[in-house]
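Here we start with a single chain on its own, the form predicted on its own, put down as structure tokens.
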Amino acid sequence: MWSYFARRFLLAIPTLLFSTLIVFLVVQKAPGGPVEAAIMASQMGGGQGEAGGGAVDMANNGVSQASIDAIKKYYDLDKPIHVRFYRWGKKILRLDFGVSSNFGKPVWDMLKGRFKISISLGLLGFFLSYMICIPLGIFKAIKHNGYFDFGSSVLVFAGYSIPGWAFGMLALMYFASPDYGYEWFPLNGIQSSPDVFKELSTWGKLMDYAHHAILPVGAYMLGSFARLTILTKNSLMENLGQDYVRTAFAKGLPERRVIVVHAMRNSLIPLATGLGHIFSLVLAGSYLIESVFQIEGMGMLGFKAIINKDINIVMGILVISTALSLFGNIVQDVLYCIFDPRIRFK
């Protein structure tokens, strides 16, 4: 079994290399980039683009050829594409993600500033989904075809049919806007203004964050709510029909013990293996949800980077997300072995 996981780790290296190479080629060939951004900035500034010196080149809309050459050299755009990828790969091995062509800041510093937001929202949505959906699915299985099962199914699938960003807009309208509903929650952001936030105590900061996070986390949870609930219910119902459960009832064991100790242990195997995806929650940010709540997370940053062709940010996010996803898949296989001893990888 351990040889299998060793091979999986070794296979993750070429997978990461190939995926980054494909995206690198696509991004490099796409229109736009630092040179076009400099030309646009020169046009907006009235055509005075003499940052790099040299004569003004009217064919380049007021940006001198010397400035364009300097920009290309700075971002390695004057090199063949395979050389660019090789140089970029060497920097990544040193955890050097380069400098943003749009913001002029180190990419790693920009990513670090958004890690906390994405991690906190992702983890809260992940754990709350499991804490709510598992008990709900168990109760639905016990009350199968009852009034509770029917009523909760209507609500679950109604929520599943609503996109997270649409739910966010409705929630803001009715629970954060005094013009339409109740002003119970903030309209935007993940915390109060810096001046107010820094004056709060530790407990006050936690409460302030929770107050801001309730609606965004609810929007994050909406997509997986129905899937986890129905998966829990169906898995438990399947196990309740197995011979070992009937044998436990025949021995006179209490219903609660049979369900919780025997049936639930096997029913949670499909759900427990999903814990492997927890490593990719650092980039769980959704641009649409973050734009609705005006949260500067990883989703918003990635979208802006793609629109502005900020290659270093795009590639930095890709490397981190791909590495975490590959590692999460390996952890998922490990969890399969832990929760189900019958599984043996060879």
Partner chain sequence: MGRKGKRRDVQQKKRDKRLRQREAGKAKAAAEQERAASQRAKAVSGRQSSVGAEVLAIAAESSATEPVAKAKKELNIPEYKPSEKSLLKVRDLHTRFRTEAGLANAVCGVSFDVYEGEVLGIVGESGSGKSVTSLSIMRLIPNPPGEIHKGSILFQGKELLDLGWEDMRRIRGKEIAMIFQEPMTALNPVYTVGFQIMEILEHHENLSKPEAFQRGVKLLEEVGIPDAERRMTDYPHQFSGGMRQRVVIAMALACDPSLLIADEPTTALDVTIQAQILELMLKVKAKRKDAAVMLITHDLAVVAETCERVIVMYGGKVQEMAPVSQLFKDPKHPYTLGLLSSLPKPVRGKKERKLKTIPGMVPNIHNFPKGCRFSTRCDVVEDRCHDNEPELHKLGDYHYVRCHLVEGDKIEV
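Positions refer to the first chain, counted from 1. Small disclaimer: the values here were computed from a predicted structure and weren't measured.
The same protein has a further form, the form predicted together with its partner chain, not shown here; the description that follows concerns it.
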Location of its partner chain contact in the model of the complex, chosen stretch of 202-210, 253-261, 119-127, 90-98 [non-hydrogen atom, 4.5 Å] | 253-261
May I ask you to state whether Ile269 is within 4.5 Å of its partner chain in the model of the complex, using heavy atom distances?
-> yes
Might Ser193 be said to contact its partner chain in the model of the complex, defining contact as any heavy atom within 4.5 Å?
-> no
Going by a heavy atom distance of 4.5 Å, is Trp184 a contact of its partner chain in the model of the complex?
-> no
Is there a non-hydrogen atom of Lys105 within 4.5 angstroms of a non-hydrogen atom of its partner chain in the model of the complex?
-> no
Answer option from Lys112, Arg246, Lys198, His82, heavy atom within 4.5 Å of its partner chain in the model of the complex = Arg246
